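Consider the single chain below, provided in structure tokens and representing the form predicted on its own.
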């Protein structure tokens, strides 16, 4: 078994430099389970392929437990009840899920539905007095994201965004190389995020449901990655769009966008978001004293990485298991992650995505003065 000590030794990370590490990786140390024995009781909303991945990962969680589901498909509800031994009273439809307000067996709802549904569903879950975990992107624009943040704050519940990479060990190892000064002054980030999308009838290519195209689904990884890898917020963005198949990628559904971000420190980021090219899953950060690269950088499989010092050696984990245990600690024990996953973190990404689309439309540099005020 990999202990906290061997994990720290492998990554050259000290407990003082990243105090949240033992809480981020629950299977590394039995002390990760909350002292009170509390477990976050979670309902999944939307039972598609990613919900199946999350549910499977949660089987090995020590701090979070799947206790129910919300779906618009009765047959799926029945299947999940049998597979995960879920009680009838914890299973809801899209018509009656506001009734979770009176169910004391539910702490939080993880929303894993098409992007355009996130805002309304978050508002209803918050109104019911339950914590919200919302898959990224948290909304289809910054206006909706602000509504979600405000609604959860008013209801006194937490809003977390499903940024699983914020808890992934090699990602944290790469961040530590930058934050500890081993890269020197960060100068340049490159983020490549893309794959060839299949079924043209799927919801991700439906503007009404997705709110956009590749940028909303995969480009957000490079936006978010640039921010946590460089450790600062961008102050401007420029962008250019390329569309080779206007039939598959209809108006408002982006196929490929190249975008650039500038930072107050002088660092720059150059990123690509696409639904038309495979083998694009790479982060690269260059500084005055060295570099760190991750490839793959955000995929579900094992993250691989190297730096000028050698290979990244942090342990391989199931991303969603670590994510859900860490989020349980945030909600139940008020723990603070190294990289935020709250609603404001998601809002910042939505502000940048709005700016990317505006830059494509106007061919102008779009300034981002509000990010550091959030």
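Residue numbers count along the first chain shown, from 1. Note that the structure is a prediction, hence the values are computed from the model and not measured.
The form predicted together with ligand NAD is left out here; the points below concern that form.
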Does at least one non-hydrogen atom of residue 204 fall within 4.5 angstroms of ligand NAD in the predicted complex?
yes
With heavy atoms only and a cut-off of 4.5 Å, decide whether residue 236 touches ligand NAD in the predicted complex.
no
Is residue 112 part of the interface with ligand NAD in the predicted complex - any heavy atom within 4.5 Å? yes
Can you check whether residue 118 is within 4.5 Å of ligand NAD in the predicted complex, heavy atom basis?
-> yes
Among 256-264, 85-93, 216-224, 125-133, the stretch whose residues bring a heavy atom within 4.5 Å of ligand NAD in the predicted complex is 216-224
Heavy atom within 4.5 Å of ligand NAD in the predicted complex, from candidates 194, 191, 137, 211, belongs to 137
Note: exactly one of 295, 153, 76, 248 sits with a heavy atom within 4.5 Å of ligand NAD in the predicted complex, namely 76
